[in-house]
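Single chain ahead, by itself, as structure tokens, in the form predicted alone.
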Amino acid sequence: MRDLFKYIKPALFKLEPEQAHKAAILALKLGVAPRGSLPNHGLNQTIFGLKFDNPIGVAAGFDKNADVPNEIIKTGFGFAEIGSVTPKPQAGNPKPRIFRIPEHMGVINRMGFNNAGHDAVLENMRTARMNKQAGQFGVNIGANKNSDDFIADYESGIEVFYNVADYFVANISSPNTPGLRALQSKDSLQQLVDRICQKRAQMQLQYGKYIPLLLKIAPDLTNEDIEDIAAIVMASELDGVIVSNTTIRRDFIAGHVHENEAGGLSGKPLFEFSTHMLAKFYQATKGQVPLIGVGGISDGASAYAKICAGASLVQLYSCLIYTGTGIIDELRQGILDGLKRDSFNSIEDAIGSQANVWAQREV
């Protein structure tokens, strides 16, 4: 199916990135997007109480408003994460705000949490759940740029989407909302975690069901930051961590025409750095916290490498810009090939098997 995308890609790349993205969403709605056909045999897991047919998901940012979560699953992905969603509708930052870096299979974005807001996205999620047949739906929650209380916005997201989410992600690591990453500092993070876990407990009592709650962190952290965040996570009722969001570093694309564009860098240039940080966080949490590895996955080998570095599940988004959704077969086969080559009987056996190697890499 990737062969089909090769014919479509030149036309898409003639469009401005956001127009190309709208075309991709439309293709999914119409059922004409490239998709995989490989079965999920040997790839299923249960993570934080949820069953995943395979460990590969689409990261937040692709389906911001929950337009196509079911369609994403139908292409072969194990889970789809929508958002980030903020309480009030938000236009995001001025355009242009997405920059392709095809020489590196990378992307710089400074979208700024553009989304339709809680009310509109909730209606889309309700519709999606009515038609849900497989996969897991994550809801990635964020804060409005002009909010007086960022944490209250996360609490609101949990309350609003509790009955339609399979899991929640509190995104505190976007570089495009001023002040948001400060929530990763020790004291602020402790307050955030206490309040969102308390809100989840309240909603659990109301609905009689438990919805896992994760954090999404940045790769641009010091060793002290990692230790602080890991300690708070392990002492809390959080269920997992996503490592990582985009980076503000630019040395990976030094000399490129878009090197000095503001925003977060994602895609293949981020792979080594984000995987290194994933391994360090796996070590800091002693392998006791389920991690989702994100950043730079571009083929089956890189998906498998994330698992060996400490990820129970993996996600991608930027890669789809260059490959289309038909890459899902390559990703699933790459994980299966890696497991067979390394004589692992299951994904669980492979998780963290190379964490020490990745944590020691200089990036």
Ligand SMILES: Cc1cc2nc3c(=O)[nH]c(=O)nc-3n(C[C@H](O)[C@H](O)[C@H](O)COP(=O)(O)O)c2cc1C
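In this text the structure is predicted, and so the values were computed from the model without any measurement. Throughout, we count residues from 1 along the sequence that is shown.
Below, we turn to the form predicted together with this ligand, even though it does not appear here.
Contact check for Leu238: no non-hydrogen atom falls within 4.5 Å of this ligand in the predicted bound form. Shown alone here, Asn54 lies farther than 4.5 Å from this ligand in the predicted bound form, counting heavy atoms only. At the 4.5 Å threshold, heavy atoms of Ser318 reach this ligand in the predicted bound form. Although the partner is absent from this view, Thr177 stays clear of this ligand in the predicted bound form, with no non-hydrogen atom inside 4.5 angstroms. Put simply, of Ile335, Ala33, Ile328, Ala59 only one has a heavy atom within 4.5 Å of this ligand in the predicted bound form, and it is Ala59. Across the options 291-299, 65-73, 23-31, 39-47, residues that bring heavy atoms within 4.5 Å of this ligand in the predicted bound form belong to 291-299. Every member of the trio Met111, Asn140 and Lys216 reaches this ligand in the predicted bound form with some non-hydrogen atom inside 4.5 Å.
Heavy atoms closer than or equal to 4.5 Å to this ligand in the predicted bound form belong, across 229-264, to the residues Ser244, Asn245, Thr246, ordered by sequence position.
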